[in-house]
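Have a look below at one chain only, the form predicted alone, in structure tokens format.
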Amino acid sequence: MSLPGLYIHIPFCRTKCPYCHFYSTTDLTSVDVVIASIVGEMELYADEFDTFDTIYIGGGTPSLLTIQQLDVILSGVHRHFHIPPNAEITIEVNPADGDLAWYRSLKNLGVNRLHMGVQSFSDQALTFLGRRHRAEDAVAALENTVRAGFDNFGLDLIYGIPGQDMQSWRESLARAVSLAPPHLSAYQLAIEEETPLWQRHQRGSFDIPDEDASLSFFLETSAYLERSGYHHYEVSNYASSPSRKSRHNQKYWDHTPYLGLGPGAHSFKEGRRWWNHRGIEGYLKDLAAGTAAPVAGDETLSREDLRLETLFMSLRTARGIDLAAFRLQFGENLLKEQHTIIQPLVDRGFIVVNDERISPTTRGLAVADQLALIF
């Protein structure tokens, strides 16, 4: 089994994007207290988790932290856990943050992978999304990434933005490809409940693409990036080579254990999932007591839960379901027991079956969540 991954949630943002549903706050007065508490939380898990070969610092906006604050976090990680020399250490970056010196200092801390929230190379789209950077900021930040010596970095893009047609989306894709990032993530804009964007949509302020338009965006994105030399290895993720896939994110897709630190972070190990208090106040209160981890709740997955999640996650990846491993874990021969379901999906071009695998086609990836529910 793969080594566990470590996720560290930095719950701070300079401004809150109207579409974001992840926990964060724009009140930066408790940054140092939260950082110290995250390091304290590490100590609580030092006996349960020994080694991590991926570290992912996300948020929120981790790039608003100073190099000194990030050093406190990473020094704590190395003090409490074993981190092998080949570990993947990623931090999420907002293009509006950091200059060349900051990126170089980041690399000197041992960070070897960046993930940048570009979202679009259209200033009009960025304004709609409430982003605090412009397209030229993203280009400058990516150039600084390369100049600082990073050869492993990715960027996020969003499609399905109101007012965006296929041509303007292709232009953003072309701009992204011209900058040669080793990794790209492309997501459809999600209207999450209770976000400011959801409230605007409820008032009828804008329309979102219908099902057919969403499928067209998805298929065009995959075709364009595949033609440009990227491998579509997960529903929303593309890599220029196997070594540039996100090692950390792949742990979430195959039930590899992971530990989440910080307010709202989730963890998983041996069929149990638990999550921290979402608010800073509750998180700090539990840690101040010093007797237990700041856990708000947990669940133990049943065998059927694990089976369904394995199908759900596997069918979101190009590699699909490893039939031998599935048979060993769940005692089920999918090809034999689900033949009446599988064959029509093959005939309709949603999946292919070969080399002891059931793998989704590009059209299958577009409806991956629905595919898993069929089995």
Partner chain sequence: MGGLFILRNMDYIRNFSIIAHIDHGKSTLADRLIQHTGVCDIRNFQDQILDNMDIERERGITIKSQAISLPYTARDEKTYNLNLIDTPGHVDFSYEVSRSLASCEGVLLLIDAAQGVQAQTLANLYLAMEHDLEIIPVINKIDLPSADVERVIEQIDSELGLDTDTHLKCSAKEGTGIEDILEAIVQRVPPPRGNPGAPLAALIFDAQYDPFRGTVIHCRIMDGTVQSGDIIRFMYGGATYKVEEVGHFLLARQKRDRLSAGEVGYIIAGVKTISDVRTGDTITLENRPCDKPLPGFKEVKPVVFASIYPIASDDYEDLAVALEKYKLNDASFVYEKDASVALGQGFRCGFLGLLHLDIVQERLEREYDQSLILSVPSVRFRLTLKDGTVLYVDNPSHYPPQMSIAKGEEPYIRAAMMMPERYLGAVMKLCQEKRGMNSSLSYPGPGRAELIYEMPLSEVIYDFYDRFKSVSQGYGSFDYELIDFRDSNLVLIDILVNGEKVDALSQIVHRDRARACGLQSCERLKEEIPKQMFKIALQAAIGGEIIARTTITAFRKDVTAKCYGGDISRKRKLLDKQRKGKKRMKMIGNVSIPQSAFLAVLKSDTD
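Owing to the predicted nature of the structure, the values given are computational and were not obtained by experimental measurement. Positions refer to the first chain, counted from 1.
Below, we turn to the form predicted together with the partner chain, even though it does not appear here.
Chemist: How about E43: is it within 4.5 Å of the partner chain in the predicted bound form, going by heavy atoms?
Modeler: No, E43 is distant from the partner.
Chemist: Does any heavy atom of L308 come within 4.5 Å of a heavy atom of the partner chain in the predicted bound form?
Modeler: Heavy-atom contact with the partner chain at 4.5 Å: present for L308.
Chemist: Spell out, yes or no, whether the shortest heavy atom distance between R348 and the partner chain in the predicted bound form is within 4.5 Å.
Modeler: R348: yes, in contact with the partner chain in the predicted bound form.
Chemist: Check whether Y103 has any heavy atom within 4.5 Å of a heavy atom of the partner chain in the predicted bound form, and answer yes or no.
Modeler: No.
Chemist: Which residue among E136, E304, D165, E194 has a heavy atom within 4.5 angstroms of the partner chain in the predicted bound form?
Modeler: Selected residue: E304.
Chemist: In the predicted bound form, which of the listed residues (K269, H266, H201, R132) lies with a heavy atom within 4.5 Å of the partner chain?
Modeler: Exactly one residue meets the criterion: H266.
Chemist: Pick from 80 to 88, 183 to 191, 280 to 288, 222 to 230: which stretch has a heavy atom within 4.5 Å of the partner chain in the predicted bound form?
Modeler: Within 4.5 Å of the partner lies stretch 183 to 191.
Chemist: For a quick test of understanding: in the predicted bound form, does each of I35, R113 and F153 have a heavy atom within 4.5 Å of the partner chain?
Modeler: Looking in the predicted bound form, the three residues I35, R113 and F153 all stay beyond 4.5 Å of the partner chain (heavy atoms).
Chemist: Judged by heavy atom distances of 4.5 Å or less, which residues of 3 to 30 approach the partner chain in the predicted bound form?
Modeler: Sequence-ordered list: Y7, H9, H21, F22.
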